[in-house]
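Next up: just one chain, as structure tokens, the form predicted on its own.
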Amino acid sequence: MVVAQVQPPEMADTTRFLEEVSARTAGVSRLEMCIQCGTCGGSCPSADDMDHTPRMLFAMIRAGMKDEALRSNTPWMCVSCYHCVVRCPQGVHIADVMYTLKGMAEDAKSYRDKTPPHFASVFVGQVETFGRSWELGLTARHYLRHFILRLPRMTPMAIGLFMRGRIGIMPNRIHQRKQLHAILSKAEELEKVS
């Protein structure tokens, strides 16, 4: 006689969110391998600005705390330096999981602060238009919308960067943007399939 194992409903809910995040993460996330050591948070240059360390966020994912995890600012504070990934003893692809959580938060419109998603949107729009980021345009659009009172303090630094040739007034466009657009279109197509 074969006995089917049935998970209690609350346990099924907790594993469902972990499985969803893992499935939506590019490649193999290895998220289920997290041993809660805290190396990721200790390695992160942005940890002080996060309302949850990556370790805490992964515990929330395991606990099925979907709404809380998607409202966290942690994925938005990730600067994708991959220092946490390099130091993780379990090989968890932490930065890739952060990208996944950003996308899920955008889909669900569950973020508390619109500033990071707006910054990401402006950045992606510039890459699609010019093939690369245009620092002056990115800063101007972002700061005019969210931090207009900080602009006067930034002016001396902007002038210094411009005078040293570090930023330009006009955007630089990459050559062969058609190839970039073909790559982005293919990526978008593949994303819809998965």
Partner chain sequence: MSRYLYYPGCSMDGSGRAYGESLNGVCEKLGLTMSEIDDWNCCGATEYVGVSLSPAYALIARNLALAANAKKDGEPLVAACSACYLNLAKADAYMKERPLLNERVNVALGAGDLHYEPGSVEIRHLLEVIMNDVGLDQVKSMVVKPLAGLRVAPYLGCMLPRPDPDHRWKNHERPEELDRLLEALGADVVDFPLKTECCGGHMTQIAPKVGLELIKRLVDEAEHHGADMMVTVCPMCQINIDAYQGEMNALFHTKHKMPIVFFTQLMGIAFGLDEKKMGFGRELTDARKALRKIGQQPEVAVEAAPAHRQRPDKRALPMPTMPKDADPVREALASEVNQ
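Nothing here was measured: the structure is a model prediction, and the numbers come from that model. For clarity, a rigid core is taken as the largest C-alpha set superposing within 1.5 Å between two forms. Residue numbers count along the first chain shown, from 1.
What follows is about the form predicted in complex with its partner chain, which we do not show.
Could you confirm whether residue 112 comes within 4.5 Å of its partner chain in the predicted bound form, counting heavy atoms only?
Close contact is absent here: in the predicted bound form, residue 112 is far from its partner chain, nothing within 4.5 Å, heavy atoms only.
Taking any heavy atom pair closer than or equal to 4.5 Å as contact, tell me whether residue 179 reaches its partner chain in the predicted bound form.
Flag for residue 179 set to yes.
Even though the partner isn't displayed, in the predicted bound form is residue 53 close enough to its partner chain, meaning a heavy atom within 4.5 Å?
Result no; residue 53 lies far from its partner chain in the predicted bound form.
Consider residue 157 of the chain shown here, and say whether it contacts its partner chain in the predicted bound form, taking contact as heavy atoms within 4.5 Å.
Yes, residue 157 is a contact residue.
With its partner chain left out of view, choose which of 63, 136, 33, 161 has a non-hydrogen atom within 4.5 angstroms of it in the predicted bound form.
The option sitting close enough to the partner is 161.
Within 118-143, which residues come within 4.5 Å of its partner chain in the predicted bound form, counting heavy atoms only?
Heavy-atom contacts within 4.5 Å come from 119, 120, 123, 124, 127, 128, 131, 132, 133, 135, 139, 142, 143.
After core superposition, I'd like to know whether residue 111 moves between the shown form and the other one (criterion: C-alpha shift of 2 angstroms or more).
Residue 111 C-alpha, core-superposed: shift of less than 2 Å.
After superposition on the rigid core, does the Cα atom of residue 170 shift by at least 2 Å between the shown form and the other one?
After core superposition, the C-alpha of residue 170 moves 2 Å or more between the shown form and the other one.
For residue 183, is the CA shift between the shown form and the other one at least 2 Å following rigid-core superposition?
The answer is yes; the displacement is at least 2 Å.
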